[in-house]
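The chain below stands alone and is given as structure tokens, in the form predicted on its own.
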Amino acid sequence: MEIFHISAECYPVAKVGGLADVVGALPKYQNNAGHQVRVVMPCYDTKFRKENDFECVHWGHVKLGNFNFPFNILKEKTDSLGFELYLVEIQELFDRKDIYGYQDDIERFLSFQIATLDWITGRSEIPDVINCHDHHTGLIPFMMLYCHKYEKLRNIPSMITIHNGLYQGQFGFDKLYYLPEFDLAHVKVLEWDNCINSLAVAVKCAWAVTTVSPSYLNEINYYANGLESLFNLVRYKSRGILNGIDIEVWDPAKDAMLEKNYSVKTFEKGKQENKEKLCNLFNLDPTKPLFSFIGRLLEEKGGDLLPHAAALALSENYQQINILILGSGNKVIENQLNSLLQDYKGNYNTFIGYNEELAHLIYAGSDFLLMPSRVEPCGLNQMYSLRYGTIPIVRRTGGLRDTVIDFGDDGNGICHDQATVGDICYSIQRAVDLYDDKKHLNKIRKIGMNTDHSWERVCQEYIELYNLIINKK
């Protein structure tokens, strides 16, 4: 089977969040299972682009209304990621450092989608299935069905995988002329709430809809930023497939980013050495339980709760715990977190930004990982922490509900129901009590490290769904 994944992100090429991790792993495992897998993404000005060799396999021009942009399709020569990687180079739009956040993002990602379909249409062979990811690729299923220039692709199944349904890529009908020519009888397909909504279009037009966890599929039926009724309407073609993690990249026994490698048999000594390294870096006491947070400092991740929760937890425990924050996002939250540094020196520290090597060390060296998310379609951090013997403290939502069971129910983590400072601090106190019971603590760590969240299992679920929609042709 020939599978195309089309995405705005792919690790390690360009990453903002979990979307990149999924698109960097799932295709590799599908390729290992014997399928021909290709990933297509924009060509950003990244370290990966500069350090790897590419060859141009196609070129053309994207007509975007009155604009005409030359583009190149660049293939990474060695398939070093475990699959074929293609970058869509549009120099006037994507030769920039950041992935998102520009005023012309609509033009950027629409031109990317058009260039991608132009190339696929021009190939001698057409794919068996096209798997789109999030709203940045959401107009592809519509264009495949209705735009005249892509008639060749009309019977090719498309699928949209939703990593976060809160972001939808809306824009006004004043930009309708950007789209390649189609019969205006179909214009209503583009409309949702008086604008063009890229995610809604994908959900309407794709042959199948997937979310990145079963619980998130249920949640978007009542919390989806205005698309709730649409998700209820397409439930018949929807499926929740829980993400996996790349156990080759995330393996404490082989991870080159760690101070000390360890396995489920040697984790006590291994985690302690990594903890000592981490605490030395951030002026923390390695004899105290270490609570860490890794992620974007946004309200949906519960980032706004962290400053008050950290201060309260440190005060209530007479500073007998350590808290370490790694992340960036909302500047107000960043400043609030940094404002605690002086008051809790020696027990608290921050790293505002992101560092992949540091993240690996935190997963290995921490005792507990905080994830007080309001919204978490799947979440991968809790799976990484389980793999590294670090106990996740999560709010029951989305994929966190599907992957973390409270240790009170013989599970692998600590759970709370509300995204509140009170629930976070109560869970931290439970964790402190657990930390003092080393036998019980290590039992839960072993449960977590033995949990199977590998992509092999998940990969097969995707293949089964592809086959189902292909057979419906």
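Numbering starts at 1 and follows the sequence shown. Since this is a predicted model, take the numbers as computed values, not measurements.
Not pictured, yet referred to below: the form predicted together with adenosine-5'-diphosphate.
> Which of these residues, Gly365, Gly379, Pro141, Gly303, gets a heavy atom within 4.5 Å of adenosine-5'-diphosphate in the predicted complex?
Replying inline: Contact residue from the list: Gly379.
> Ok, Leu465, Leu19, Val458, Val13: which has a heavy atom sitting within 4.5 Å of adenosine-5'-diphosphate in the predicted complex?
Replying inline: By the 4.5 Å heavy-atom cutoff, the listed residue in contact is Leu19.
> Which single stretch, out of 182 to 190, 119 to 127, 307 to 315, 381 to 389, brings residue heavy atoms within 4.5 Å of adenosine-5'-diphosphate in the predicted complex?
Replying inline: Looking at the other structure, the answer is 381 to 389.
> Does adenosine-5'-diphosphate come within 4.5 Å of any heavy atom of Gly244 in the predicted complex?
Replying inline: Residue-level check for Gly244: no, no contact with adenosine-5'-diphosphate.
>> Although the partner isn't part of this model, could you tell me whether Arg296 comes within 4.5 Å of adenosine-5'-diphosphate in the predicted complex, counting any heavy atom of the residue?
In response: Yes.
>> I'd like to know whether Gly270 contacts adenosine-5'-diphosphate in the predicted complex, with contact meaning heavy atoms within 4.5 angstroms.
In response: Taking the distances in the predicted complex, the answer for Gly270 is no, it never comes within 4.5 Å of adenosine-5'-diphosphate.
> Is Asn355 a contact residue for adenosine-5'-diphosphate in the predicted complex, using a 4.5 Å heavy atom cut-off?
Replying inline: Within the cut-off, so yes.
> If we check adenosine-5'-diphosphate in the predicted complex, which of the residues in 234 to 257 reach within 4.5 angstroms of it by a non-hydrogen atom?
Replying inline: The stretch touches the partner through Trp250 alone.
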